[in-house]
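What follows is a single chain, given as structure tokens, in the form predicted alone.
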């Protein structure tokens, strides 16, 4: 009988323990290289004065102190919180669209395609479409406002409305994304629970709240996390539609970071990294709260 080498015996005894880590290792390495290490580097750079090319100069908390005295930072922070509050509307809107489309009627595939369309097009295209939509001379929205009120409103040129106009543009594809998540969840419902609830006279809102929504909790969690991250970074639409204007009134933290670190106005990598760290901490607060709530719900089941 041939003698098994030591490595082969070790693999036979431990392959069930080793295999999961072997499958996870490539993803873990990628996550380490492209996520964790850049986060640590950004935090380190935020304590430096650096133009991106020359030598770094240690300045400690000076970038953060300057940030606390920067009026543009507070405008961007306020707009980000506004984005966050209104962007979360995409979740109930996506759920409503998914419930509407989760039917077996003639032509429903066409309707699903129309609702799905905003998700597959680029944010740049969405920004351009809504820029034309809001255009005072020929935009459909502006013409509608003029027909209703008798006066034109330049949404993207008015400090009072510009942020709301950009958020509305972002809600369009984000609602489609949430809809897709909920449609997937609706296709995996436990219909035995639904039938049992109907036998107990659960209908309408009671059925949705007590039977369907608990089963959609994983989809809701993903939708919440993705929507919060999308609201807080919100770079593409601001860059395409207003570039932070008019007069900086539509600034958000991600675009403010870009202006300070990479645009012709800045090349202040340390200051831009400090803005990025603040944005990262805000994201982590919300995501941690969602995770803690989800863990608590799982333990209570």
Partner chain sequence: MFPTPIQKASAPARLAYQIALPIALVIWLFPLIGVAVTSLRPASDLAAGNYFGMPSSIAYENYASVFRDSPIGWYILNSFKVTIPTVIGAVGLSCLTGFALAVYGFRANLWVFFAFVAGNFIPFQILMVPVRELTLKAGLYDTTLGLVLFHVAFQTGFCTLFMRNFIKGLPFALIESARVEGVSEWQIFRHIVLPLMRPAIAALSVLVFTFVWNDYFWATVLVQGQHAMPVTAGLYALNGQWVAAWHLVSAGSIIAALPPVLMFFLMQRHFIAGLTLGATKG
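So that the term is clear: the rigid core is the largest set of C-alpha atoms that superpose within 1.5 Å between two forms. Positions refer to the first chain, counted from 1. Predicted, not measured: the structure shown is a model, and the values here were computed from it.
What comes next is about the form predicted together with the partner chain, which does not appear here.
At the 4.5 Å threshold, heavy atoms of residue 83 stay clear of the partner chain in the model of the complex, well away from it. In the model of the complex, residue 47 stays away from the partner chain, with no heavy atom inside 4.5 Å. Using a 4.5 Å cutoff between non-hydrogen atoms, residue 103 counts as a contact of the partner chain in the model of the complex.
The shortest heavy atom separation between residue 193 and the partner chain in the model of the complex exceeds 4.5 Å. Contact with the partner chain in the model of the complex, defined as a heavy atom within 4.5 Å, is made by none of 59, 164 and 289. Of the residues in 115-141, those that come within 4.5 Å of the partner chain in the model of the complex through at least one heavy atom are, in sequence order, 115, 116, 117, 118, 119, 120, 121, 122, 124, 125, 128, 129, 130, 131, 132, 133, 138, 139, 140. Once the cores line up, the CA of residue 52 ends up 2 angstroms or more apart between the shown form and the other one. If you fit the rigid core between the shown form and the other one, you'll see the Cα of residue 68 move by less than 2 angstroms. Core-aligned CA deviation for residue 247 between the shown form and the other one: less than 2 Å.
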